[in-house]
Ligand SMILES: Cc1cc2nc3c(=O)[nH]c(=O)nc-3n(C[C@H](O)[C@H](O)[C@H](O)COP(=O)(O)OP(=O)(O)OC[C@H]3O[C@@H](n4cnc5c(N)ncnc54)[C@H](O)[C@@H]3O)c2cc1C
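Single chain ahead, by itself, as structure tokens, in the form predicted on its own.
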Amino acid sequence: MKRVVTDSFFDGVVGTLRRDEPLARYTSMHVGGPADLFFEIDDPADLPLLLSRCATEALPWIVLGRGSNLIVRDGGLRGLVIRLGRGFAGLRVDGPHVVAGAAVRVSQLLAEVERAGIGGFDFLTEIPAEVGGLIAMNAGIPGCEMRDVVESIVVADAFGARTVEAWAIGFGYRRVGLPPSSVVVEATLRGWPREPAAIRSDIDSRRARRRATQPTDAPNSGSMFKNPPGDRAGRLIDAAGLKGTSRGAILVSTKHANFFVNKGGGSARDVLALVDLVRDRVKAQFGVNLEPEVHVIGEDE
């Protein structure tokens, strides 16, 4: 059932409210129905108040960043979608540390660490996201994950904001043990001194490799499946002969089989049908259960 609240629900919270906001424009796969309520909040100090009101009214909510690891079903989302605005985009260097707001984009972070001569972050070149999403998914590539660079985070919930040290976060493979009903507001990341020219060389190399091996020119949600122990999802999908297979306008990339691309006008239903087909085929041929890496939320039409 569609959730309806009055504008007064957002009194005292600085930001912009939109109703029935299409979410396809906020997800990297470009699929998804509308959100009942979409609120871009500008001031981190207001976030606990907003979360407290959601708790009081039993209003479900999620935080949406770059939407690069997310599929929203075609019926959209009931409740509130929170987008972190300009007040969450602070970025500063403190010695070998970088203090980054949750809404800082990877491109911004990489530009700052290169300028400051701080190494250890070039692996993020291959992950289009914001800092909050990087942490929430313990994003990474083989051999490097966010757990390797996070020193502490600031989270907010309905009761306020607090700092959580890295050892207490509970990092796992593409997951973290964040406090319940909390939102990442800021992160302190640690690196080490390195020549800017060397940092730039590694970033350029990774960008070139990403363009050569991933479908960066088409809407996609990043890796569709987690790599099973001792193997790679893309290799299994390719070996099953599934490159180029499609459902509707959603296609298994011919460049990297663990990426699905939207050829234009695709739906979440198409994505999920292709997910099922690929999982069934890989299971039948290799006995491996592929586990989706993307999060699927929302309701069917």
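Numbers follow the displayed sequence, beginning with 1. Just so you know, these numbers come straight off a predicted model, no measurement behind them.
Not pictured, yet referred to below: the form predicted in complex with the ligand.
J.: Taking the shortest heavy atom distance, is Glu130 within 4.5 Å of the ligand in the predicted bound form?
T.: The answer is yes: Glu130 has a heavy atom within 4.5 Å of the ligand.
J.: Since only the chain is shown here, I'm wondering whether Arg73 would be in contact with the ligand in the predicted bound form (any heavy atom pair within 4.5 Å).
T.: Result no; Arg73 lies far from the ligand in the predicted bound form.
J.: If you check in the predicted bound form, is Glu126 within 4.5 Å of the ligand, heavy atoms only?
T.: Glu126 belongs to the contact set for the ligand.
J.: In the predicted bound form, is there a heavy atom of the ligand that lies within 4.5 Å of any heavy atom of Ile141, even though the partner is absent here?
T.: Yes, Ile141 sits close enough to the ligand in the predicted bound form that at least one of its heavy atoms falls within 4.5 Å.
J.: By the heavy atom within 4.5 Å rule, which residue out of Leu49, Leu272, Leu242, Leu64 makes contact with the ligand in the predicted bound form?
T.: It is Leu64 that has a heavy atom within 4.5 Å of the partner.
J.: Using a 4.5 Å heavy atom cut-off, which residue among Leu110, Ile199, Val149, Leu178 comes into contact with the ligand in the predicted bound form?
T.: Only one option qualifies, and that one is Leu178.
J.: At 4.5 Å between heavy atoms, only one of the stretches 91 to 99, 220 to 228, 159 to 167, 200 to 208 reaches the ligand in the predicted bound form; which one is it?
T.: In the other structure, the partner sits against 220 to 228.
J.: Looking at the ligand in the predicted bound form, which residues in 161 to 191 have at least one heavy atom within 4.5 Å of it?
T.: Arg174, Leu178, Ser182, Val183, Val184 sit within 4.5 Å of the partner.
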